[in-house]
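Quick setup: one chain, the form predicted alone, written in structure tokens, and binding and motion questions come after.
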Amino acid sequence: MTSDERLALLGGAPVIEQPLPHEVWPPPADQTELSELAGQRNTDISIKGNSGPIGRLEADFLAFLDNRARFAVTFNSGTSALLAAYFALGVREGVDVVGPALTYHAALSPVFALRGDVVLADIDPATRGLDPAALQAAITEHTKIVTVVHQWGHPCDMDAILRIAERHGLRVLEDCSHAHGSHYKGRPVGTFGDAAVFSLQANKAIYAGEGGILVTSDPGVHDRATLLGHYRDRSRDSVLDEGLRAHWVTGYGLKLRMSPFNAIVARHALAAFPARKEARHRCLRYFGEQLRDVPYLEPVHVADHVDMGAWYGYKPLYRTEALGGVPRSVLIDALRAEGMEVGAPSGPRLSTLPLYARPENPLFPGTPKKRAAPRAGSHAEHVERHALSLPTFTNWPEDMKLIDQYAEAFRKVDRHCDALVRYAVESRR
């Protein structure tokens, strides 16, 4: 690089040569997967209990969790699986659920459909998940459930959270939608709480297109969750409690079942996961090493006792003061001009969204709801305002050149900090 190079934002040549997009996901299907999909089309396109590919997916997923959960139940989305989990765990009017203030909205939004209420607690800046101290402070006599989201793939402090839950008699729901394959102290996430849900939406490392899976070892949770989304064959054959099984013809009136086609896609993604996970880890370890000397970035923290599993994007924090106070939006513009695929994470703090912020439950007009959330200056606010979202590189070693170019683009911006500060000042005039 020459000493008089210019930022691409200011007319210079971009560092990154490869056209966008840089994260192409999900990968194309191989011929084996396509053949199985075609075979299913000509065999059976209906959903009969948990037979065929659905039953095989559920069994494979339990094995993926080291058989530390007893039951697995598929649904047509992760959100549907969460709705079933909340229902099965006892959410109803007068019940509070404590969850993290910064996460994807659907981790907690099904609570409102059950007339429950949500209390938002601050996050741990290291794990980006629920902070145990904030959880403790948020508990009231109405709190019955705590929702743990392993945000962006990093497991929460499960030891501390489980101690608090046990002390207060709370049920624990794990949302593992970002954390396929993540481990806490050697144990798979999704096997700590009373129930866990994994989204299988297309952006996830294990994907069905659309789909979700609920796992639990509690027979009562299994039965109630099954009846919420399934009826006839599945409920007749799977529900254990005789009194609950009386509802087998109708379930509880909803149909939230997974298609066999989605199950086939998910099984192939699950089978391919170990190799893809290893490739992601190699790419992102290398990426983190390349970014250590960029003064305005706080690299992603990964605790020694956790395994990040699939990751879910690479999300370092921007140290604004180390780049002369340049707004994050201007930094993003500069990096995009260099050819980078970068943005701010798409999920804002939940307290900023009308569903959470407004005083009335929109599903049940006239029903007030709490608006408890961390105060200004919270860790959730800091992460929301300073995080950058970068690709989850998966192709090793092919992505090394691209990762090197990303790192060089970050360094180039640092070398031209003064020019970017002047640009930011002038653009505000």
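So that there is no doubt, residue numbering starts at 1 and follows the sequence shown. Keep in mind that this is a model prediction, so the values were computed, not measured.
One more form of this protein, predicted together with a small molecule, exists but is not displayed; see below.
None of the heavy atoms of Y231 is located within 4.5 Å of the small molecule in the model of the complex.
Among residues of the shown chain, F287 is not one whose heavy atoms approach the small molecule to within 4.5 Å in the model of the complex. By the criterion of a heavy atom within 4.5 Å, F273 is excluded from the residues contacting the small molecule in the model of the complex. Proximity of R128 to the small molecule in the model of the complex: non-hydrogen atoms within 4.5 Å are absent; the residue sits far from the partner. Of the listed positions (H154, R280, K204, H222), a single one reaches within 4.5 angstroms of the small molecule by any non-hydrogen atom in the model of the complex, namely K204. Contact with the small molecule in the model of the complex, defined as a heavy atom within 4.5 Å, holds for exactly one of G116, G309, G78, G190, namely G78. Heavy atoms within 4.5 Å of the small molecule in the model of the complex belong, among the stretches 236-244, 293-301, 175-183, 251-259, to residues of 175-183.
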